[in-house]
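Here we start with a single chain on its own, the form predicted on its own, put down as structure tokens.
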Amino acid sequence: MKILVLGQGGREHAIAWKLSKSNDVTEVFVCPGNAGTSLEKNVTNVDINLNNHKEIIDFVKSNQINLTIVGPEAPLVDGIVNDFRNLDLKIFGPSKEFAELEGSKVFSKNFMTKNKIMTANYKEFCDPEAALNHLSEINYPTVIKADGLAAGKGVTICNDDLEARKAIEKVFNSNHSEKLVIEDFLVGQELSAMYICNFSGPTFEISLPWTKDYKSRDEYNSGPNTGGMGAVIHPILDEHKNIIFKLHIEIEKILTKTILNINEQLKDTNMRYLGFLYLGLMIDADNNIKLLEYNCRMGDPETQNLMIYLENMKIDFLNLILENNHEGSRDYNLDYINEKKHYSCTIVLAANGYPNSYKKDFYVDLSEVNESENLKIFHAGTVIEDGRIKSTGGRILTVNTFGLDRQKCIDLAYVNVKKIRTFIDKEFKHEDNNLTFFREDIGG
């Protein structure tokens, strides 16, 4: 098979790398890709703008691509799946109608309420004055969410009235949202539950291992929200089996309600949910679960964490997507707790200033990092320039490790992220260690 992966981040590098390991794959193309994908064996970058659906489709036709996999959320919301399906081209991802689960916080919160899926109490607003007036009725901290896509930065946790007012003004002054949601702040452990809703249809979804994402920029979950600063195979999987089974049942109920009801709600489209589905969950001290958000694609950096895990567990990712048996759903969390434990850790190296205005166009030296089956670097905001790796984005790359011991796995990641050097010049003569940063408590 020839496969095209759409996207340019760490998630897409990880997916392309894992797909290239499949015995059923001859070549993987990534559009537009990054420095990391350009360096992978059997992976080729394609320089086409993701907004240009026609040019992407022309490439798929002329290169006889068998399957296209959508990485980021924007093309899904823009309807690239609809464009492909109208031409009978095979693509993995939800149509734009289904992608509203992520594309609109108002749509998703109303969907949760309508279908009795437990979530934080909320109110929606399309008028700035009404939103500001509502602040006198709430308790702090509170959460303000932009309605539209915001690259993982549309959520603001506000500790007081001033922060909330600034967040509301920021949303309504932006060009990506005309509505917002103000909701209660939930306390507990966050859990990312990702599913492959494959071509076999409802009840055949595959549950990938739960992961823990670290969204705040700074240690101890402080600082502004980011697209994610790290991830680990979730610590809660080390709890007693009875706890895991109970959580598993409750999370599966949320998945089932979501799939059945979104398919019913959108039955006039003659489609059903196909693609990745991400449940962002909060588990309180009594193990009660509430749904924070939906994503209609895999998480970043959770995908990087999962791909090194699946590779070491000898699981073919492509087979999960093309799943065509009819034995029912598969759940790798149950496999996890019934077998010997395995761990993976992901640490994001980011440009100083991220998620706000950040430094870029400097050079990254990875020569002291030796990749192995237990250690893999996935690129995000990078390009190759004159044979050097040049930074272009806020999140530059991730260091990903795998092991049988959680702490050793985490330590291996930190030892190697500290080996990465940064220079202001491509000759590597002027080193500057203040160009990047990473959280020092991932896995803690």
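Each residue number is its position in the shown sequence, starting from 1. Being a predicted model, the structure only gives us computed values, none of them experimental.
Below, we refer to the form predicted in complex with ligand AMP, which is not included among the displayed structures.
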property: Segment assignment from 368 to 376, 88 to 96, 252 to 260, 137 to 145: heavy atom within 4.5 Å of ligand AMP in the model of the complex; result: 137 to 145
property: Proximity to ligand AMP in the model of the complex, single hit among N225, S104, N198, N352 (heavy atom within 4.5 Å); result: N225
property: Residue among D238, D127, D161, D184 with a heavy atom within 4.5 Å of ligand AMP in the model of the complex; result: D184
property: All of L208, V232 and H342 within 4.5 Å of ligand AMP in the model of the complex, heavy atom check; result: no
property: is_contact(D331, ligand AMP) in the model of the complex, heavy atom dist at most 4.5 Å; result: no
property: In the model of the complex, E311 touching ligand AMP (heavy atom, 4.5 Å); result: no
property: E293: touches ligand AMP in the model of the complex, heavy atom cutoff 4.5 angstroms; result: yes
property: I157, heavy atom within 4.5 angstroms of ligand AMP in the model of the complex; result: yes
property: Neighbours of ligand AMP in the model of the complex among 247 to 262 [non-hydrogen atom within 4.5 angstroms]; result: none
